[in-house]
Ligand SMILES: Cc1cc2nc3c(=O)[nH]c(=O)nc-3n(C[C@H](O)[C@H](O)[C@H](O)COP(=O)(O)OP(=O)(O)OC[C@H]3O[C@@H](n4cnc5c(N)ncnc54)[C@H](O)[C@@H]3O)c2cc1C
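Starting off, we have a lone chain in the form predicted alone, written out as structure tokens.
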């Protein structure tokens, strides 16, 4: 196979690889899993697991890091030069920032998930480049998979190095491989000399790749097509950084195209079991992707403060712009959204720290919801700041104004909807888990590969399950006086209770209508997931406000007000999503898209030069392809 030859697989093969990497068992509880099934198990998240009092060693680190970031880090200069200053990386090493999630017995700081993400939130207020550096190193780089799946020998060899500042990276994505790991081209074959493997291939968008000493590399066995995970030393013969990638934002990020030519990897560098690499990657990402929602919270809080001040200072038509209704509404929604993002991120962290809880759906939801809402919030901040939002910090300072980096924040934050699983992939992942129980029970009936005999044999089991389950999605008391302890917010809690049962019914109806074609009805599935996301965010907001009220927090009344506003907005959105499940233009849009692909609307682009040069000839019209699963490229490195 040539280096640029694309490995092709059928849809069935790709689905098989994805299914084999899934965590198929739900050993522990999951609030979101139950919610998708129409069971509002509020007790799983309320009262929320209590975080222990801040530890002195964490407070000392947080204080030292805050001082370092304030006094010695110039994010505008990092953005302008596109480089990490050596003194910044050395300073982070001295503080121990590269070992935050590494246990103390291996030289790290041993922070909990909540403590670590508190640091990520702080970094989100300063610079996305440093956030990416530290997050890629220890959320998905060598420390996390070794901590979770490594042998004791591997932990002793690699974790102390990482804690001291040996930077690591994660290499999965390839030039022609994004969200479909079945097409992975990097191979691992047994070393003829015995005792290990030989790696060949190319990895793209490897964050920290130009700085890394250690790499987690995913490679496929040509014989079995199974994917394994290895720790590779960047200094080994055959490992070459071919290109440093540059981006719209995160301009200093050390992102690389890395080539592996006959790289010999000893057996002791295999992570976990052979052929289990993709599952290791997915499990690592369950908690690894929680750093993104936390960083998004920090950015949102910073921008909310920028807009609050500006709305008081900037006068138009005789009044501060915050007094004008259009801007006031934007500011109010920004405050409510920031409160919701904070509540959602904090809840996911607490659940991860508590243990005995399956975090896979909650982590994906926090990543998806916070990065999407964070992007909208940044867009609103840009609009409120107007020309000063679009102007660079250097230009603002050059003409004597305060250099506020809204423009830089927007560029840096856009990748968050793509990093560590794009929004589309998160939707697909959550949709698969949302219908998991239904597939376990009724999968034989909708599986086109099953024969008539298998379908008939499954009917008694299906009937027994749904005879009890389906009526329960209609029955249940979600009205007054239930949840009265939530006071003026009780109506919102009751709405979530009723809506989650409706969500489960609509999911079931979708399976009856679409059957085996359901996996192709991505618009339908995405709306199902979006309803679940809104209900989960509402639940996080309501439990946070109730907790603050119960503790007599000095800002409990303000929290209740923000929770009320957020839930009012969310309820309207949920109603819209429910309505669009069955009344939409999905089929019409798909038909139009296929005509665009065939070139039937190419006349719209006549006469252009285009971003990539002169447009090629329009494709020859042909048979309309069958609807399929969209291949959405995803940055997981």
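The structure presented is a predicted model; accordingly, all values stated were derived computationally and were not measured. Residue numbers count along the first chain shown, from 1.
In what follows, reference is made to the form predicted in complex with this ligand, a form of this protein that is not presented.
- Interface residue remark: residue 172 is counted as part of the site for this ligand in the predicted complex, having a heavy atom within 4.5 Å.
- Contact between residue 255 and this ligand in the predicted complex is found at the 4.5 Å heavy atom cutoff.
- Residue contact with this ligand in the predicted complex: residue 207 places a heavy atom within 4.5 Å of it.
- Taking non-hydrogen atoms only, residue 282 never approaches this ligand to within 4.5 angstroms in the predicted complex.
- Stretch-level contact check against this ligand in the predicted complex with heavy atoms at 4.5 Å: of 476 to 484, 109 to 117, 412 to 420, 439 to 447, the positive one is 412 to 420.
- This chain is drawn without this ligand; in the predicted complex, the residue among 522, 125, 286, 269 with a heavy atom within 4.5 Å of it is 522.
- For the options 537, 428, 384, 227, the residue carrying a heavy atom within 4.5 angstroms of this ligand in the predicted complex is 428.
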